[in-house]
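First, one chain by itself: the form predicted on its own, in structure tokens.
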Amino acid sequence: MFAYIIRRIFAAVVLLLVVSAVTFAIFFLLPRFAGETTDQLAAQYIGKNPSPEAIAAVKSNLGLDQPLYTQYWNFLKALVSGAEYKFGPEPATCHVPCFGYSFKNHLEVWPEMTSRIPVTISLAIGAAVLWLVSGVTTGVISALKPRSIFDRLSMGVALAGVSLPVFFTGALLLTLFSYEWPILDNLEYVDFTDDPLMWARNLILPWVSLAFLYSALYARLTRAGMLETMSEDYIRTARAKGLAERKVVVKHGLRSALTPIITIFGMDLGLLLGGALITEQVFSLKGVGQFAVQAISDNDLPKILGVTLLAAFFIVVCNLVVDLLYALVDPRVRLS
């Protein structure tokens, strides 16, 4: 088990390095293949009507005239040891971890992102708990009672949940519960440490909006997995041995059906932690997703690069946790 954990952690570190290299190549190598000069690339980091002095300063700070491998090494070194940029009368310090420096507003990217991470984490974790509990529970009950009224009704609702986009359900919930019936009005993010009740109250609608979509997917997936698992020979053997039905369903049936659910859950949670763009825009939540949208609209490349790396980090970490959970859910992983 210990060797398995070490192997998965090492693989995650290698994957992060590969992702950083690919991301770096997209931002610094592909523009050159498209025919951009170093001056044109440097001008994109400044904004409209850049002066020759500003372009020269950006080229010097980013080392755009240096070989690509040297630029990548400086990029990695800045992540672990910080960097210093000379842009103006006083040098600007980019502290560890240096995810980039915006030459448009002269601010570090990492502090701007970290101020928004609690919003996105609160949104993603709360919605994930809702959709996992409701989706898996609905799927299990539907599989145990196939073709029943509950099964047909729940799968019909699940089909509607899969079909309706988040921006529609989010706008509908806002219209009903914030404007028509002002039960949940004035939805502004409140930090959990300041007021846990207001934190939960103001995130209920975003949670429900996200969970409605994902719980529908998980309900259908759980139902399909449970229907297949409950017809296996070892399930009939467990019942023949006189085990309680709850133990047969939970320990032998659901545990075997959890493997694909854990896989998809890790991917979904990682993607949301990297920024729930649509939900944050609909509910005006100042999270990582809204930060990414603003960076794209402003064409602020260091911010876009920082968000991309942060999202990749969350996805890799969530997949690492999934790999470790496999060993708990499926003993065959520990033995392999």
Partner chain sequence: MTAPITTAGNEPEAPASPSPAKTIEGRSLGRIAWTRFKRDKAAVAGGVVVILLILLALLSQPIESLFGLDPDASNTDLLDADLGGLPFGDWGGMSGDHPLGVDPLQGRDLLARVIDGSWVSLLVAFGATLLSNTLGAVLGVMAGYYGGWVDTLISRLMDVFLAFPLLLFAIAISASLQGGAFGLHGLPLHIMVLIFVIGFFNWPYMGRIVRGQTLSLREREFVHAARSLGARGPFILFKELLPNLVGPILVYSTLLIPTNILFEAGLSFLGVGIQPPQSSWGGMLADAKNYYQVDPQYMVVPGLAIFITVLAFNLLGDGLRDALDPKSN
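Small disclaimer: the values here were computed from a predicted structure and weren't measured. Numbering follows the first chain given and starts at 1.
What comes next is about the form predicted in complex with the partner chain, which does not appear here.
Just one of Leu227, Ile125, Val133, Val250 comes within 4.5 Å of the partner chain in the model of the complex, counting any heavy atom, and that one is Leu227. This chain lacks the partner; the member of Ala171, Ala200, Val129, Val96 within 4.5 angstroms of the partner chain in the model of the complex by a non-hydrogen atom is Ala171. In the model of the complex, the partner chain sits within 4.5 Å of a heavy atom of Pro165. Put simply, Thr308 is close to the partner chain in the model of the complex: some heavy atom of it is within 4.5 Å. Contact check for Leu64: every heavy atom lies farther than 4.5 Å from the partner chain in the model of the complex. Although the partner is absent from this view, Ile26 contacts the partner chain in the model of the complex, with a non-hydrogen atom inside 4.5 angstroms.
Screening 74-82, 212-220, 134-142, 192-200 for residues having heavy atoms within 4.5 Å of the partner chain in the model of the complex returns a single hit, 212-220. Contact annotation for 109-140: no residue has a non-hydrogen atom within 4.5 angstroms of the partner chain in the model of the complex.
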